[in-house]
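Take a look at this single chain in structure tokens; it is the form predicted alone.
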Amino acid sequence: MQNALQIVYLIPLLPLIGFLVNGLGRKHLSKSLVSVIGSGVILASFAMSIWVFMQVKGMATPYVAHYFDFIKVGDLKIPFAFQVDQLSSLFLLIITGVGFLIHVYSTSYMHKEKQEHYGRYFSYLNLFVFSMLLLVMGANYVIMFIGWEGVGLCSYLLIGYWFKNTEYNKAANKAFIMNRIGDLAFLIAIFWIISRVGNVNFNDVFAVARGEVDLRKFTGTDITAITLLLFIGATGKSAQIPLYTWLPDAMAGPTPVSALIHAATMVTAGIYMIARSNVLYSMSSVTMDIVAYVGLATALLAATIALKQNDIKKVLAYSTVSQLGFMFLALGTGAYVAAVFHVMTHAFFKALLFLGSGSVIHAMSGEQDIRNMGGLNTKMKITFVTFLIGCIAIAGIPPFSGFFSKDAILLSAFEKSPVLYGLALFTALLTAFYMFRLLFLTFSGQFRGTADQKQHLHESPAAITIPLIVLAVLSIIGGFVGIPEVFINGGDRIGAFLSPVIKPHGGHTVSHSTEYMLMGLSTALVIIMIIAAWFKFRNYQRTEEKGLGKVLENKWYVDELYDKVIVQPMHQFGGFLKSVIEKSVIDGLVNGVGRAVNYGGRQLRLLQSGQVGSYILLMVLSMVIIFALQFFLRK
């Protein structure tokens, strides 16, 4: 088995080759060939990921493939190595599987792009998948960081894909800059680990943390500081307070890009990193509490904002921020498996919802305002049914996938604190309400768009609807890998599968009857919220928002606050540096030196008078001075 796993490098290598071929040949390759290459390399990686997944079942220790020394300075050796275990193999399936469906979807959604731009688009998608694969396969924090930076770069390229639009470029810049804040903290954490351990290999770092190595050890302060720095890095990539505002603006990119960023790749990076570092996090209760509270606050804040958003993609964007908050809540309560489980189910239903929104936008000739939609269920039956399945899954209705993963998170919150559970349950109810608001405004009632839009309404082609159907099926059955023990003894197969990497949570502290009661309560309340959304929005009449509704529509004015508190002061400080420091001090100094040299040159020029007598006099004076210096220096 160990020898067989040596070729795991092909999984990220194939998307990298696809990036190079499509990128370099974008002006010469036909769209059909670009589509085949771009989607084919991801399919091949997916096939290999399935093979790896089958190989790692039952492996007690991770397989590490060392290829070469990436950094070698003195005693410091950082290898370019991949680590294959249960956690990385699961993420490989998510990234390549959902990524392949998004590539197939893109072949139809982006077919109107010019040939050169079409090739550029697919090359960026391939590079994105390569970077994410590098991130989850890296055997140490440095290789993980390379992939971490790679997905940041690709998000910038894809969010600003339509670069002639200034607003889209601003959104790309915002994503790139806000991620750099978290990335700096991640980088500092890596240096801190090197200073304590001498390398950044996962196995060595975790062995030191557990006290298995006597020569080096972490103090409690070290672990708390390192985990907090890593968490700051995660808040950037996975859009948590205060670094979450870039994610809704990332909707500027094409809809398949939104699905890739929000469902299968970039935003899950922070979850993966903390789950991978679970040994460190479990040793710092302070960091765990901060992760849980920040995650819950983010989930609640984003859910309230989503209630009043009218752009179909913005609703889903804030939904993603909220769901990521749920995942961090699980991580903060020690339920690492529940967080990873929700990453998987979320990848299914959120990719489905984003691609479904793209199908709607495609049919509506680019319209994204749900207030101008309605009545699409009769014209787009496949999109409607699959979108409905996605909404049921994210709302947490059994037996759809979201029910099982969200129930695991709510249970972990209840075990931690009833207050955390109450707030998390309230957030889950908001999720059901705003998602079915989105569904009813988009698909039910009377059509509220223009006559021209109504005339051109149609179901999307097969390249769009087939991925929707596949994701809908996964959204229905995907949760059965994590059936709670209260239902079936040994049903939690995902927990058992991940147990070599993530130790069991420590057992439930609630009885089966209490667990049944919590499930029944959350399900009943969610159904009530869905019914309330139906009565409120089935016959929607457009009105202007007032009061709190206006505040929520404007996203609690957080962007405006950041602009006032951070952006404008930075611009003013930059203006001060330019007008005072640069012009008066730096320019004054440089120009002063120039003027001094110029003045000195003019004065020295007077010595060159052309009179021989003056030259002889200067020569004699110079000789006298030299003789005098020699005389005094000898004394």
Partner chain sequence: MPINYYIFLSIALFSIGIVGVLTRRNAIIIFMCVELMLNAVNLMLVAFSKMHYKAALLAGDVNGTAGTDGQLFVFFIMVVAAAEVTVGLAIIVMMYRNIHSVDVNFLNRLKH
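This one's a predicted model, so the numbers in the text were calculated from it and none came from an experiment. Positions refer to the first chain, counted from 1.
A second form of this protein, the form predicted in complex with its partner chain, is not displayed here; the remarks below concern that form.
The contact with its partner chain in the predicted complex, taken as any heavy atom within 4.5 Å, belongs to S609 out of Q603, S32, T61, S609. Contact annotation: I17 falls outside 4.5 Å of its partner chain in the predicted complex, judged by heavy atom distances. In the predicted complex, its partner chain lies farther than 4.5 Å from every heavy atom of I626. In the predicted complex, its partner chain sits within 4.5 Å of a heavy atom belonging to L617.
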